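Shown below, as structure tokens, is a lone chain in the form predicted on its own; questions about how it binds or moves come after it.
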Amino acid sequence: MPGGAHLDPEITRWMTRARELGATMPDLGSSDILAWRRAERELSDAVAVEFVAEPTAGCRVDDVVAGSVRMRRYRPFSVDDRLPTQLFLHGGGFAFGSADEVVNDRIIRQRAIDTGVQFFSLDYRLAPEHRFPAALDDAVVAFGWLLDHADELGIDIDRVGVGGVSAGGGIAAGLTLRLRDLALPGPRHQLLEVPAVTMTPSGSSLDLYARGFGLEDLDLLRELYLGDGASDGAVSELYASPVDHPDLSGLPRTLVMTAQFDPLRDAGELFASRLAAAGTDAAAVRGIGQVHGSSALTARVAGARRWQVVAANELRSRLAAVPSPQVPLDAVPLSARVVS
């Protein structure tokens, strides 16, 4: 296998199980996007029940509506009236996924319990019915609404961040840039996990891992998201590809978490490098032996559990600003590269 490491056998089992279950779902890849999306959700939930650990107790979950968008709130039990808070954006290739998916619910619920951070998981609009910049617009609305309603939502307005996985990581990065460029209050922290920070991935990771590692539909997803073009005269296409934005200065502390066997790896690490070069407190950590999406496999994969520990420690120390167990990155072993 290229890259000097091997997949955890449980990751291989996860991919095999997804193929087995997917073979029984004829609507996967359907020309009817709604049927395809329903099948993707059914597959995602079925696999997550087997491979993602159930969260422990200690968190209240409810839904809130912010204008035209809905968010699922995860508020850890706390004696504090105001909590550090993150706006979270789920993955799914811009066309799939939901705040209600089992994988997102279990990971974010446990993360809230582990960190003391309150999360608002945004159910943003999906392509191709709602192409770029619809999801970004939803994120802008949601972030502003959280700040405007901080008192009633129990949000510590000085400790608000954004985060996202895959497509959601790209939207989160675009959101932070968009808010800065509009001179609007922005997040104090970014946690971007296997983020899609470019619409045109490149580098050796794309060449090595574009096939056989669970992310084969990049070109199709880009077409669904952008269509024939994203420019609308108001929002630059650069917000869809944050790594290409010419000015990455003045942004908050950012941790980019990449997976070794992921075609998006090099773009994510380049984004961290460009942030650092622009003066941002930025770091990139690479999950050795991980593929795109395997960081959620906390019921089966030790590396996924370590990934979640690193993410939780980052949020505790950088967003919640409370002491966090400091696990040396070389002992995790999650880091092949750190930029800061």
Partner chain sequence: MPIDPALVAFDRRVGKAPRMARGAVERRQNALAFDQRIFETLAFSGPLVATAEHTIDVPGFVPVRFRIYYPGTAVPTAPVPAFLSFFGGGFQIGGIDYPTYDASYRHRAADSGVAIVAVDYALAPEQRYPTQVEQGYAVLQWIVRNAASVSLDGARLGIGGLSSGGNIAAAVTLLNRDRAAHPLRIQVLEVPSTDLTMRSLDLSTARALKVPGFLLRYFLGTLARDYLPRCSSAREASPLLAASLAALPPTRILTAELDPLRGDGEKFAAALRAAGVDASCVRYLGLTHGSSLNIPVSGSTRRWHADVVAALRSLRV
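Positions refer to the first chain, counted from 1. Everything numeric here is computed off the predicted structure, so don't read it as measured data.
Quick note: we don't show the form predicted together with its partner chain, though the next part is all about it.
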In the predicted complex, which of the listed residues (Val301, Leu43, Val52, Cys59) lies with a heavy atom within 4.5 Å of its partner chain?
Val301
When the contact criterion is heavy atoms within 4.5 Å, does Leu255 count as touching its partner chain in the predicted complex?
yes
Would Arg38 show up as a contact with its partner chain in the predicted complex if we use heavy atoms at 4.5 Å?
no
So, Ala278 and its partner chain: in the predicted complex, are they within 4.5 Å at any heavy atom pair?
no
Is there a non-hydrogen atom of Val310 within 4.5 angstroms of a non-hydrogen atom of its partner chain in the predicted complex?
yes
If contact means any heavy atom within 4.5 Å, which of 44-52, 62-70, 285-293, 25-33 contacts its partner chain in the predicted complex?
285-293
What residues, if any, in 126-157 have a non-hydrogen atom within 4.5 angstroms of its partner chain in the predicted complex?
none
